[in-house]
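For reference, the chain that follows is the form predicted alone, supplied as structure tokens.
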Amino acid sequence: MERNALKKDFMVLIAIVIFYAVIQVLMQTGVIGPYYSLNLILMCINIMLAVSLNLINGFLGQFSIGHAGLMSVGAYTSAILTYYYDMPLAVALIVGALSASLAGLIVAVPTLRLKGDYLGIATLGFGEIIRVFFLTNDTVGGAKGFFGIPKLTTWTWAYFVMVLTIVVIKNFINSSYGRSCIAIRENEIAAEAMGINTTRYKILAFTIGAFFAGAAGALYAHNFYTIQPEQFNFMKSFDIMTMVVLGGQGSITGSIVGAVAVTLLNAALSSLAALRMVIYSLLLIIMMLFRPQGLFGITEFTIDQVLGRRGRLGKSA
């Protein structure tokens, strides 16, 4: 049994490396041009955002819509470190992620006793507070934006940080901590009755989700020369929420598919920005009518299915 698990992990590792190498070669030979390279990097960043939000909304069952605010903390913190202090991207990325994680902890402690819509409004308010802070701070450019950020994000950075995000969150969900989070999602009162410290696990999951949102923000900031507070407003949180709902709340592979689909949709509608939100809204209405659980629901696409055997991750909890 253990040997089969090792064999599957090895096959997944080989597939990850081969995919990276193929894309890298295609980029270096010019087959994939700058426009498509940019969208591939954005795809990796969006996958990080969707998977980290799904940990909070899908696996923990808490309604958070302030993910863009946490992303902005990582983006601005890392940009300050590379712009003013000439730090390498690795240091800026880690510090940016830790800063977002601290911000997530600060918002989680007083608000996670709230439930449902009340928690959603609280996280939305927190995201707006962060946005207004950067909007009025001249050190980072205020409303004009933070210009001159070094372009350090590459396909290699985006891809392997994305893989790390997925691996860490997948292992967290499969651990006893993750099972406790899923138990809270299924029935919080019953989980408390079984001795699970619900507040502790909520704060833990929220902090981990914030960490990877901050890492995504750091990669995002260093993929462009400038960032502005308006890029991290409610509509950005809505974008991330759409990826999670589209793929399925409670499915990592669903989040990946949702993030890829929304990134491609954004790229296709780049010349029709006014219609983007209309199409998003129609997409969500259709999804709620015909498949309210999202494309994957709580089901994971596993290597067993590739080999012809079916497996379910979330349902087993």
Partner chain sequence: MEQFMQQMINGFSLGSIYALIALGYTMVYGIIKLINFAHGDIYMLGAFAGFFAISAFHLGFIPSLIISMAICALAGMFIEKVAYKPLRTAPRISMLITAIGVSLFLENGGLLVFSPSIRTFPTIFPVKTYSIFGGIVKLTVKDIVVFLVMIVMLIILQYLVYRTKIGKAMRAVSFDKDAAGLMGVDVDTTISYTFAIGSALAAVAGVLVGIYYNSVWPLMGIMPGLKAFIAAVLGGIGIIPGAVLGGLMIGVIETLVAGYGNSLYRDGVAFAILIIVLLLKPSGLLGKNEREKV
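Numbering follows the first chain given and starts at 1. Fair warning: this is a prediction, and the values are worked out from it, not measured in the lab.
Quick note: we don't show the form predicted in complex with the partner chain, though the next part is all about it.
In the predicted bound form, the partner chain sits beyond 4.5 Å of every heavy atom of Thr82.
For Ser270, no non-hydrogen atom is located within 4.5 Å of the partner chain in the predicted bound form, even though that partner is not displayed. Taking non-hydrogen atoms only, Thr136 approaches the partner chain to within 4.5 angstroms in the predicted bound form. The partner chain in the predicted bound form is not approached by Val31, whose heavy atoms all lie more than 4.5 angstroms from it. Considering the partner chain in the predicted bound form, the lone stretch of 121 to 129, 177 to 185, 211 to 219, 149 to 157 in range is 121 to 129 [heavy atom distance within 4.5 Å].
Taken together, the three residues Lys7, Phe172 and Tyr201 lack any non-hydrogen atom within 4.5 angstroms of the partner chain in the predicted bound form. With the partner removed from view, the residue among Thr242, Thr207, Ser99, Gln228 that has a non-hydrogen atom within 4.5 Å of the partner chain in the predicted bound form turns out to be Thr242. Using a 4.5 Å cut-off on any heavy atom, none of the residues of 71 to 109 reaches the partner chain in the predicted bound form.
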